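What follows is a single chain, given as structure tokens, in the form predicted alone.
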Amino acid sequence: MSTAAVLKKEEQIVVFRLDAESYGIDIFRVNEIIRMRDITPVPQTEAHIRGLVNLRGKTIPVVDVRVRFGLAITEATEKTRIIVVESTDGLVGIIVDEVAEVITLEPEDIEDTPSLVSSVGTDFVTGVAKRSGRLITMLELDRALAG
């Protein structure tokens, strides 16, 4: 099901960046945004699972979305953040290069993913939003986090 079909009213979207690309997730899925911190590795987990962080007494798994999306791994910068999101498996942290902004999208701002780029590798992309001359790839969070 496409985002365009689901989005019936305006929604607020958290926009984050990986490399030069912008991605969006529903703000209601975001629990909080924190600075990068030490992550405890967990042996024998999938490559995109970076490890665990302690957040006010809760242990939260952290996913490196760069690895999950097949991008080159880079060093954390001052702008690197962990977005703590609510998933079907509970709270999960996702590492992003930068949290850019929160925007409000109208249903007409989102188009279905073009069929040429729709593939097994992009099954977590639900649509593309156009905003101020740039494209924001809308993510189906649970599918993007699933191993």
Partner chain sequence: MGAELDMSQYLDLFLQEAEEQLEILEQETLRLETDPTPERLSAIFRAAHTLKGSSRAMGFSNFAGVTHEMENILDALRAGQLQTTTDLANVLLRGIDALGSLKASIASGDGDVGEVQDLIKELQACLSGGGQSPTATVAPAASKERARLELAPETVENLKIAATDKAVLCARFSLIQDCAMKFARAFMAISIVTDGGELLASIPAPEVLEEEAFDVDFDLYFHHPTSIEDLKKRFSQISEVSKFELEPYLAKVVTQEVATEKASNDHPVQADNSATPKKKMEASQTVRVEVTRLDQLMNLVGELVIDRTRIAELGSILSAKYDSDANVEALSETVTHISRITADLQDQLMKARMLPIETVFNRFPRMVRDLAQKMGKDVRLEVIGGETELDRSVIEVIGDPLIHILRNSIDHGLEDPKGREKAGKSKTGLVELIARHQDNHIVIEIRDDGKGLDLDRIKQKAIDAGLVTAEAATRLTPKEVTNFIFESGLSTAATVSEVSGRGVGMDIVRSNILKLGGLIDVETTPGVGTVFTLRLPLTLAIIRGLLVRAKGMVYVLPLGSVVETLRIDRSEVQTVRQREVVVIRGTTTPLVHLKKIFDVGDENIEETDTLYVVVVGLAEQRVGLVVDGLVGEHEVVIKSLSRHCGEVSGISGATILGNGKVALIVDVNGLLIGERK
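Numbering follows the first chain given and starts at 1. Just so you know, these numbers come straight off a predicted model, no measurement behind them.
The form predicted in complex with its partner chain exists for this protein as well; it is not shown, and the discussion that follows is about that form.
Comment: its partner chain is not present in this chain, but in the predicted bound form one of 40, 104, 31, 80 has a heavy atom within 4.5 Å of it, namely 40. Taking the partner from elsewhere, residue 89 is found to have a heavy atom lying within 4.5 Å of its partner chain in the predicted bound form. The closest heavy atom approach of residue 100 to its partner chain in the predicted bound form falls outside 4.5 Å. Its partner chain in the predicted bound form is approached by residue 58, whose closest heavy atom lies within 4.5 angstroms of it.
Taking the partner from the other structure, its partner chain in the predicted bound form has no heavy atom within 4.5 Å of any heavy atom of residue 36. Contact with its partner chain in the predicted bound form holds for none of 65, 136 and 139, as no heavy atom of theirs lies within 4.5 Å. Taking its partner chain as positioned in the predicted bound form, the residues of 34-55 that bring a heavy atom within 4.5 Å of it are, in sequence order, 38, 40, 41, 42, 43, 44, 45, 49, 52, 53, 54.
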